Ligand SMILES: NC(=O)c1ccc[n+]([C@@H]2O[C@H](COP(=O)([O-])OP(=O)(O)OC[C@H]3O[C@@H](n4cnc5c(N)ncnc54)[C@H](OP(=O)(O)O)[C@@H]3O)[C@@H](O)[C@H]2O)c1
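First comes one chain, alone, set out as structure tokens in the form predicted alone.
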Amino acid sequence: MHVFVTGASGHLGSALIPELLDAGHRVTGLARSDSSAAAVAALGAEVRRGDLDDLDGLRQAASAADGVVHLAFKHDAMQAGSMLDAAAADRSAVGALGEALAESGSGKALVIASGTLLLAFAGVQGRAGTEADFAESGPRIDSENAVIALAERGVRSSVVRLPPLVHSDLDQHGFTSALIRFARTAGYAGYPGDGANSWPAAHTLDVVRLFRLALEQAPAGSRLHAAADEGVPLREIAEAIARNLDLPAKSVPAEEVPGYFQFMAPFIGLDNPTSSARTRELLGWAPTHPGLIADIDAGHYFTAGSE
């Protein structure tokens, strides 16, 4: 299969390309800069220059491929407080990719990344979120729903909801790295309230295997969960960070949450336990790599190159 990948040089893309190539697929990766292009080429993929705003280019690349994995997102805009702008750009990109695949009428695959935290924003509380849970509309939710709807137009579409904590030695800018950075800056590892709210997590290599399985096998209109750890309490995460940095772990007072957690402040207190039972049954996905706490304790997040 010829696969077009957006976000090809990023955290997940840099692991997905080898996963796809090892499985015998041909890969073309989107690159918006010379450095990204060099990284994609070094991984063994073909390079297509462009970005998420180049909708005609996205359509052309999707039309030329047998399947698309859409990983790119304007994370810099999100972290700068422009979540709505980032989500709108994502919705436009998904629309361009989906339209091109639907017009081919050949059952091509489209897999996009979404997030399990959307379930908490949508009001799923007091239980683990499941693949059957969804919301009618909202930032990023609109992209997810548009992809599911493409099943009615002959596209073998699926959504992989990522846990907020995708961890490994490839993670340089994710939420785990951010929590460690906040702790270094503040001189203590913080958690919101009593730290009992929990977040799901998964190792990068387990996540990209799920993307490959979705690309190859997922039925049209599938929602999938890449949750290996169903829910890790925020206090346990802070304690793991604290012992590796030789710092105390403590609750962050409510009035200090915005300053401590910065761009994560609006959602750090959400409870987001997430089940992946249906995903495992449907695709035979079985995570094999270390869980979040074990991976934090492995030490790679705390080496000089990770600071």
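Numbering starts at 1 and follows the sequence shown. Just so you know, these numbers come straight off a predicted model, no measurement behind them.
Form predicted in complex with the named molecule: not shown, discussed below.
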Could you tell me which stretch in 244-252, 33-41, 260-268, 277-285 has residues with non-hydrogen atoms within 4.5 Å of the named molecule in the model of the complex?
-> 33-41
Can all three of G95, V155 and A214 be found with a heavy atom no more than 4.5 Å from the named molecule in the model of the complex?
-> no
Just give me the single entry in R209, K74, K108, R223 that has a non-hydrogen atom within 4.5 angstroms of the named molecule in the model of the complex.
-> K74
The named molecule contact in the model of the complex: A8, any heavy atom under 4.5 Å | yes
Just to confirm, V166 within 4.5 Å of the named molecule in the model of the complex by heavy atoms?
-> yes
Report yes if any heavy atom of I17 sits within 4.5 Å of a heavy atom of the named molecule in the model of the complex; otherwise report no.
-> no
Contact label in the model of the complex: S114 to the named molecule, heavy atom within 4.5 Å | yes
Output the sequence-ordered list of residues from 42-61 with at least one heavy atom within 4.5 Å of the named molecule in the model of the complex.
-> G50, D51, L52
